[in-house]
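Only one chain comes next, encoded as structure tokens, the form predicted alone.
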Amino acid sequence: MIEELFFIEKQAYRKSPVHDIDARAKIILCFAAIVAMVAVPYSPVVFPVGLVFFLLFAILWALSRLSPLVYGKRVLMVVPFGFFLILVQIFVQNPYYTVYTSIADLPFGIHVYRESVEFASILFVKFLVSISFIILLSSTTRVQDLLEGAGRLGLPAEFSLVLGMMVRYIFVFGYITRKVGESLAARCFSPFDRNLPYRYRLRVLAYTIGTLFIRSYEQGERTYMAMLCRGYGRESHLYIRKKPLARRDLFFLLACMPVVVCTPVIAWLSSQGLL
């Protein structure tokens, strides 16, 4: 997990047409895509909307010159957290339907309903599209640029400062974790080595976790003292200079935002027979 943190930030430092877009434009696009996707009613109209959104994401991902394996790896890390909730839906009679048709009868009185399978599919499309745009944003935008972009869009200065310190310390924590892991590897210790006694492995892991937290605490104290020496106080804030959007950023928004805004509206009007 720690190595994945460094890997994500490394990908954000690459050069591509999408990487060079201002963070504000990408934040607006991703936020709008997620809101539009979530706002689409729970009906089959979600499928064409999700397809168009995913095609937009695929085009932007291709322009970012990132490998599809990077996207697949990150999706596989996130999907299990929502997959269980989505899977449970096929056994539940949710309030979006009034009539249910059982397509499978399982032991213990459990039934699989056709309408619930449809609802779970809709939920999966919403989840996948939203996660895809978040992955696009985090993979093509540096963390510092995200903070500055959010600040320019109106994020309160207190939030920007706290998030900035948290992000910086996450990488410090990751570096300390890597050093501890390298020290254990240099001593030929592996928690999965079955040749070592089980209790011994647990004791070493407990000591390692304790050492990790103590080192992190000490590093936090040193960091805080250094901040105080540099004038940190109640009125401190993250300095964000003013920066107008470039033409390419405006063109990016003008090219993508109509797709995000118009696609759900057209799909809904078509489903209602108004087009």
Partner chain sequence: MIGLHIPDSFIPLLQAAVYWVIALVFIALSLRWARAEMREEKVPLVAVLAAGIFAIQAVNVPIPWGTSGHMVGAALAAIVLGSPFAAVFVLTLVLIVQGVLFGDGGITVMGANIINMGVIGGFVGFYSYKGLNRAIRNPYPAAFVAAWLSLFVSALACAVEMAIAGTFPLGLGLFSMGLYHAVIGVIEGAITTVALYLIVTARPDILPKESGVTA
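By rigid core we mean the largest C-alpha set that fits within 1.5 Å across both forms. These numbers were taken from a predicted model, which means no experiment stands behind them. Residue numbers count along the first chain shown, from 1.
One more form of this protein should be noted, the form predicted together with the partner chain, which is absent from this view; the next part is about it.
With the partner chain left out of view, the stretch that reaches within 4.5 Å of it through heavy atoms in the predicted bound form is, among 60-68, 47-55, 31-39, 244-252, 31-39. In the predicted bound form, the partner chain sits within 4.5 Å of a heavy atom belonging to N94.
For L153, no non-hydrogen atom is located within 4.5 Å of the partner chain in the predicted bound form, even though that partner is not displayed. The partner chain is not shown here, but in the predicted bound form it comes within 4.5 Å of a heavy atom of E158.
Using a 4.5 Å cutoff between non-hydrogen atoms, V88 counts as a contact of the partner chain in the predicted bound form. Residues of 153-184 placing a heavy atom within 4.5 Å of the partner chain in the predicted bound form, in sequence order: E158, F159, V162, L163, M165, M166, Y169, I170, F173, T177. Annotation for R142: C-alpha shift under 2 angstroms between this form and the one not shown, rigid core superposed. Relative to the superposed core, R201 undergoes a Cα shift of 2 Å or more between this form and the one not shown. Remark: with the core as the superposition reference, the CA shift of G220 between this form and the one not shown reaches 2 Å or more.
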